[in-house]
Structure formats: structure tokens, C-alpha cells
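Quick heads-up: it's one chain on its own, the form predicted on its own, in C-alpha cells.
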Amino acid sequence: MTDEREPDDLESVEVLEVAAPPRDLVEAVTAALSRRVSVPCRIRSVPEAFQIPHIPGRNQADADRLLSAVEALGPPVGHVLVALTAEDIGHPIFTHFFGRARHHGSAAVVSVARLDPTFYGLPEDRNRTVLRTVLEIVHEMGHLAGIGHCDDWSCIMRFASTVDAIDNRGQRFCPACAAALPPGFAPSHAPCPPDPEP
């Protein structure tokens, strides 16, 4: 798949609602993300005909096929799509993903299913869900910018296979990964956590 977008052309992030979480959560994630990145973030709905591909025999969306379907929506040059879904996502070979993106791609997919404490039988914690989701989006945007996984535990690009690993890794790019970010992907210097609920 050819992508003509140059990574330093980033002008906005469009948060795409796909089998979306509650609207107030989508709005909170988008608002918090806009404080973490240096470009505007907007919410966008998928076309009515959009179909979510599922893994046969499993109650999961197929992450890679879903990513391809989102990429096929053709984000304009200078924009990236981040599909935010309430559905658990996985792969026929792997149990689950928190998010998926291609290096130098134009779109990412992030599932809030396993980022929500209630998935593990814990009490609802909206702020934690929002923070985890924003951090996972920023991680996937790092891949869109061409950055691979990092060995530094303090770096947001550290690979995380569990939600505890997401909670325990750094919330910012390490100096090496930050230096590799194209200008349009440079993070803002806003605080990491989302604003607390009133």
C-alpha cells in the first residue's frame, strides 16, 4: 500500500468513531489528545456503510483488516485518522492488541476495551481509561511517524502487551525517539494526565 503523505506534513488528527465508546468518553479522549499533540484534533464519524471485520469464531474485530478499512477511507494529505472503537481487537494469531498502526501510515486503530478497568472486573475509572487511551494513541502516532518500539522503560514507545505495562511505561518520548519525530508530530508540553472530572 503506497502512502504519499510526508510525515512532517501533519496538520490534524481526526478521531474516527467506529463502534464507538460513549460519546462523552470520545470527547474526553479527543480533548485530552489535543493537549498532548501540537495539531488540532477533531471527531469524525464513519460512513454508514462502514463494516467492521471480525475474526471467525472470536468476539473480536480483526485489527489488521480494520486498519486497512480505515486506511481505505483515504484521509486527506496532512491528516491522520485514529479509529477509536469499543470493540476488542485482535488477530487470528495473537490474542489482542491495544492499537495498530503502520510505520509512516495514515491511520491507526485503538480499542478502549482492554484499557477500561471494568474489563478486568475493577470499578469504573473514567480518568484512567481516558489517560490510557490517549497514551496508546500517542504510541500509535509514534509508529505513524516512523518510530519503532523502544527498549527504554521511560519511553512511551516501549512495547506493552498488558495494561499494567501501559501504566508503568513512560508517558513521553525518550530523547532518542523525540529526536526522531518529524516536526509535525512533535508533542506539546501539556501535562500528561487529562483534566480531572468536576
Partner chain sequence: MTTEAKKPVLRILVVDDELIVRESLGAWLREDGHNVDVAESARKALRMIAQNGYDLALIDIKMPTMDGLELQTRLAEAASDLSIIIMTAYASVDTAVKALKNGAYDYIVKPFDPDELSHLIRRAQEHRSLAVENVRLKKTLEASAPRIRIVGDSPAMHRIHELIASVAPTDATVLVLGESGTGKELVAAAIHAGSPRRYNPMVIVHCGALAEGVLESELFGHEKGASTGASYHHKGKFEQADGGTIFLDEIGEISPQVQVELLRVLDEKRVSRVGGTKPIDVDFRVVAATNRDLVAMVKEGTFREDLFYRINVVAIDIPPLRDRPEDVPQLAEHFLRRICVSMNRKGMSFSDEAMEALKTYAWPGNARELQNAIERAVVTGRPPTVEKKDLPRYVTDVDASVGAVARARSLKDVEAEHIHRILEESEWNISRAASILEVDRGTLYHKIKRYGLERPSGHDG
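These numbers were taken from a predicted model, which means no experiment stands behind them. Residue numbers count along the first chain shown, from 1.
Keep in mind the form predicted in complex with its partner chain is missing from the figure; the text below concerns it.
K.L.:
Consider the chain as shown here, without its partner, and state which of R172, R158, H54, R35 has a heavy atom within 4.5 Å of its partner chain in the predicted bound form.
P.N.:
It is R158.
K.L.:
Would you point out which of 22-30, 129-137, 164-172, 42-50 contains residues with a non-hydrogen atom within 4.5 Å of its partner chain in the predicted bound form?
P.N.:
It is the stretch 164-172.
K.L.:
Are any of the heavy atoms in P92 no more than 4.5 Å from a heavy atom of its partner chain in the predicted bound form?
P.N.:
Flag for P92 set to yes.
K.L.:
I'd like to know if H104 sits close to its partner chain in the predicted bound form, meaning any non-hydrogen atom pair within 4.5 angstroms.
P.N.:
H104: no, not in contact with its partner chain in the predicted bound form.
K.L.:
Any chance H96 has a heavy atom within 4.5 Å of its partner chain in the predicted bound form?
P.N.:
Yes, H96 is a contact residue.
K.L.:
For the stretch 120-155, return the residues whose heavy atoms include at least one within 4.5 Å of its partner chain in the predicted bound form, in the order they occur.
P.N.:
Counting only heavy atoms within 4.5 Å of its partner chain in the predicted bound form, the contacting residues of 120-155 are H143, G148, H149, D151, W153.
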